[in-house]
Ligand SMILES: NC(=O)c1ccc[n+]([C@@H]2O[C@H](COP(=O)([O-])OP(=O)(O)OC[C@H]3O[C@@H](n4cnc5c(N)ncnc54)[C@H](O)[C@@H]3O)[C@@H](O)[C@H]2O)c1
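The data below hold one chain only, encoded as structure tokens and taken in the form predicted on its own.
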Amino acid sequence: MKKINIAVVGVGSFTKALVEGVAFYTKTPNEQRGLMNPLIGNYHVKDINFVAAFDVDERKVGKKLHEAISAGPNVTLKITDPLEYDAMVYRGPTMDSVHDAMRETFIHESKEETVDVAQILRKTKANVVVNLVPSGGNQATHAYAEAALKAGCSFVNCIPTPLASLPEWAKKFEKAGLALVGDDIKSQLGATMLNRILLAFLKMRGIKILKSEQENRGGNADHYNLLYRAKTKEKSKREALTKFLEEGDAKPVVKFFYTGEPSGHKRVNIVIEGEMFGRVPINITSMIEDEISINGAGVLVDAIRVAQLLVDQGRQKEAWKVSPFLMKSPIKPMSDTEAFDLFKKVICKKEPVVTG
């Protein structure tokens, strides 16, 4: 089975979780616990191969990827020792990917010259580009997407910047025979998903929603970044929740808090208040504690493999069908059950048999 060559944009805690997660399932190829889909097509997690990475931090630029993932300020829990790759971390364009408040605290910006991203992608024979720039890096996201198009790479947009949800971008990738999957990757089991399930269940049971509030607390660089750039992330989460509400229901409130303690641990409190039969109050309080980057990496391994599968089978136009299951802000939102059913149909579809 051929490998899927991956180029990662942003060598943060999420990338650390992804690289170590791929190492874990490569070392233990028969292990299926923790995987949503052990196989997608014929692709196993061990078929993911890292060939390049891009970052702007001097502690990472110029290093091999498997070494750079342990540099500061990455803090997520270690899964296992990473595999060793020849993949280098190249100096990518900064553009709007770094908020001023992040400079000299979380980001030590490299003075190296910016590389030609498309050229590196072609040189390393990358198949899929994974976008993990910090939330709010809209210009940077568009620049990397353009580079992916030039180099003939599919693109997985893991941040809230609208890309796959914009028809003009989707058409660009489709026309090039490439898959565009996005936007804003879900966690394997995150607060937004649990919140959606609770809201959908309450509406199914005829309960009026008076309050829906989600508080996200974490100590990694992404949470610090969200002190200044939370708008797009909040919008993505709110829109993912409002599908289940009706006119007159309370609008969801989503908040982010930085704990100040360096950690990949995240705690989310969800509070929902409503009225049931006879307008009698009913309240739900729930909490999720997890390693946020690892939680997301469990979904990203599926996004990478399905993007390549679609291209292999010439079905890149079906990328929109897999995005609702994998992403918070797809071009066509749907319920989790609908999204799951559609995703399964896509990955179980057999490649057309050519005769003649």
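Note that the structure is a prediction, hence the values are computed from the model and not measured. Numbers for residues come from their place in the sequence shown, where the first is 1.
This protein has a second form, the form predicted together with the ligand, left out of what is shown; the following refers to that one.
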property	result
Single option in 121, 159, 145, 164 placed near the ligand in the predicted complex, where near means a heavy atom within 4.5 Å	159
Selected contact from 135, 212, 127, 216, since only one has a non-hydrogen atom within 4.5 angstroms of the ligand in the predicted complex	135
Any non-hydrogen atom of residue 196 within 4.5 angstroms of the ligand in the predicted complex	no
is_contact(residue 293, the ligand) in the predicted complex, heavy atom dist at most 4.5 Å	yes
4.5 angstroms heavy atom contact with the ligand in the predicted complex for residue 55	yes
In the predicted complex, residue 11 touching the ligand (heavy atom, 4.5 Å)	yes
Whether 178, 306 and 319 all lie within 4.5 angstroms of the ligand in the predicted complex by heavy atom	no
Segment assignment from 170-178, 94-102, 277-285, 246-254: heavy atom within 4.5 Å of the ligand in the predicted complex	94-102
Residues in 204-224 close to the ligand in the predicted complex, defined by a heavy atom within 4.5 Å, in order	220, 221, 222
